[in-house]
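Read the single chain below, which is given as structure tokens and is the form predicted alone.
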Amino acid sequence: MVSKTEETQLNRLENQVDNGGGGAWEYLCLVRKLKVRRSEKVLKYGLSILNDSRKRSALGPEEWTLYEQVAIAAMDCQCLDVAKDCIKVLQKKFPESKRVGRLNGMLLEAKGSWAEAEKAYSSLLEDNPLDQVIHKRRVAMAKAQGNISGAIELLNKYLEIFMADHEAWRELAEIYISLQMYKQAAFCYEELILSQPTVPMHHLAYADVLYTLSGLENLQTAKKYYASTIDLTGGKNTRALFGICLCTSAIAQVSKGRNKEDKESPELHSLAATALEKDYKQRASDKLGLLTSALRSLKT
């Protein structure tokens, strides 16, 4: 994830290059380092360097890195002839390279030649079954074709091998949520919380899924994870504060007629509501009345 400082630095450098102030190579390096997609800019400024023999030769070995970066950007922009030319240069320089082989597979994807791309990727996986990039390309290809069940199957197989890949767990969870498979999504977020217990967004997403599943036990657990999100963010997560209020109200409805021990204390709800009102007074005072009305309707 790109920090605000890094994003500011990137935007400042981009404006500098856009306005003719130089720094194209530094900009391209920063885009690559931060792993962000600025494909049109990368294509424009990358080609300005590659098409100038003096600038290109000054890069040394980094020239080949730039060819790869421009090839991927060109595919993003559907400039497939440019991508093809870049890959040809790389293939000539590195005829046995699996990395260039991946680029060829990506070019086939960009052309919509799914069967050929799958064949190319399968061949590369035979040589190196632990190539994470190719596994992920196959998932992306399944999603691009609308084969969501295939994407789920491939992601599950991938995670059997690469269990520590947080991005893959999050992607799988999001797919499950899109299909309303909330129990499966909850399992994914449990894995993420186990491996990254201090990341508040995992706690928040898990709480959202449990609240959606409903039922007394799920609601009580959701409330705990909304509370942990608030704790991890120093009380500054508005969504989690709302979650506390919603859970408390829902638990009260579900617990009607039950034993006293099943009922929730309204104290946490009161604290969350007070924090929300304070936040709205500071940042959205014109909507304070709407908030007060909504919270009143949730009172237990």
Partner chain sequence: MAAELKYEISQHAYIKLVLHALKHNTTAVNGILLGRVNPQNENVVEIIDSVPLFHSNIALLPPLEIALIMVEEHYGSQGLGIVGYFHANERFDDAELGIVAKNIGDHIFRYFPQAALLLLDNKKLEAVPKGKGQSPLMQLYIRDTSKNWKLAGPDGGSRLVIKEPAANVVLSDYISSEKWQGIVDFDDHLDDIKKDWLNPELFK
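Definition used throughout: the rigid core is the maximal C-alpha set that superposes within 1.5 Å between two forms. Note that the coordinates shown come from a computational prediction; the quantities given were computed from them, not determined experimentally. Numbering follows the first chain given and starts at 1.
Unshown form predicted in complex with the partner chain; subsequent notes refer to it.
Contact check for residue 158: no non-hydrogen atom falls within 4.5 Å of the partner chain in the predicted complex.
Contact annotation for residue 12: none of its heavy atoms lies within 4.5 Å of the partner chain in the predicted complex. Shown alone here, residue 144 lies within 4.5 Å of the partner chain in the predicted complex, counting heavy atoms only.
Using a 4.5 angstroms limit between non-hydrogen atoms, residue 169 is distant from the partner chain in the predicted complex. Listed residues 43, 246, 28, 50 were compared with the partner chain in the predicted complex; 246 is the one with a heavy atom within 4.5 Å. Out of the listed residues 198, 122, 178, 149, 178 is the one that sits within 4.5 Å of the partner chain in the predicted complex by at least one heavy atom.
Comment: 210 to 218 is the region of 124 to 132, 104 to 112, 210 to 218, 79 to 87 lying near the partner chain in the predicted complex, near meaning a non-hydrogen atom within 4.5 Å.
Along 24 to 55, a single residue, 37, places a heavy atom within 4.5 Å of the partner chain in the predicted complex. If you fit the rigid core between the shown form and the other one, you'll see the Cα of residue 41 move by 2 angstroms or more. After superposing the rigid core, the Cα of residue 14 is displaced by 2 Å or more between the shown form and the other one.
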